[in-house]
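In the block that follows, a single chain appears as structure tokens, in the form predicted alone.
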């Protein structure tokens, strides 16, 4: 394989989908810097209208785009279509967020002084995108960044460059200047070089906690740059006295196994009252046994496709085996139905007796069951993680949910809903290893521009009324 190019393979078939040359970091940043001022100087209404045209372009190419996402990620076509819909919806959400959170404001001032709050773009920002939602998640940074007047250098995951290329084509078809959005094709080396480049003014990253920690260390002495981190989670579901066992099982299954578990908000841990787990596990097992695992264009459509590649599948199988060797008891095993392809079946394993459970994000269809004696123990176990992205309570009365909400440490807290049920018109982010307190989605406007406070008057009027010698005193 040519070391100077990136090749994208279809996870479901192993076929080559796309190949392209690795880009030059210095060149892409230089082009963006040269284009930034002109883009930022365009009226806000023009930038917004350009983004609305982008939404229309996406709508006109929705089928093509969904097919590209499905082939490159392996996710079912139905799910790829929902991602395209989210990309389109992001435009109106970002416009509303900009107008609400970064709008120009006039403040009261004395003696005819005008006080104002306005916002300025940072300049050139880098966006490092993930492979699980290769269009929606980077687009969630790029659209608000462009509305605010920034230029963007977008480096997608080396596993999903074909989707990124089509996304950038749509920006340009809508009228975004070529210099205002640059596509940097490359692998980890290019990502590191872009993050450390002196020509960028900020970095927006979506991905794993270890990479986020490395970026935090890199930026520790660069307080002049904005860093927004959207990281993963070791997310808990607490099941407590549910009234509808089947509905509870459905919520658990959606939380753990949508997107083959490749969502940062996917449930990794199911915490249940000891002695009351059998009924829900039996119902969950029935659902898992019915789930179709298949290719993105299979008919009938599968519930979930493969994980992103064989390396990811191998790693997940090793992690599942490691849990078993430490005392975990499988309820549904993590099987590999096709030897040379990354399809995995949904897995459930009781890890209550595993004393040193690893606090890691197993980014795939593995659900760990933990039995506890009391609701207090359930809260302790739910918070027994360095992460803090998403958590959900299933069952319980309103008072119990109030207790859960008050004590759980997470940025997304749901009740009788999946852990991955965060709306796009709300802030999205977590605490601990799940982010750096710069939530995205609706609050992305906050890190795409910085506030400038001004006191203004058309003519200078000033005097000093104390602390000066009397000019008539002669001394």
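Being a predicted model, the structure only gives us computed values, none of them experimental. Residue numbers count along the first chain shown, from 1.
Just so you know, the form predicted in complex with a small molecule exists too; it's not on screen, but the next bit is about it.
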Taking 83, 252 and 269 as the candidate spot, are all three within 4.5 angstroms of the small molecule in the predicted complex by heavy atoms? no
Verify the contact flag for residue 231: yes if a non-hydrogen atom of it lies within 4.5 Å of a non-hydrogen atom of the small molecule in the predicted complex, no if not. yes
Should residue 389 be classed as touching the small molecule in the predicted complex when contacts are defined as heavy atoms within 4.5 Å? yes
Residue contact check: residue 368 to the small molecule in the predicted complex, 4.5 Å heavy atom: no
Even though the partner isn't displayed, in the predicted complex is residue 211 close enough to the small molecule, meaning a heavy atom within 4.5 Å? yes
Only one of 338-346, 97-105, 357-365, 283-291 gets a heavy atom within 4.5 Å of the small molecule in the predicted complex; which is it? 357-365
In the predicted complex, the residue from 332, 192, 119, 225 with a non-hydrogen atom within 4.5 Å of the small molecule is 192
In the predicted complex, the residue from 237, 180, 137, 200 that sits within 4.5 Å of the small molecule by heavy atoms: 137
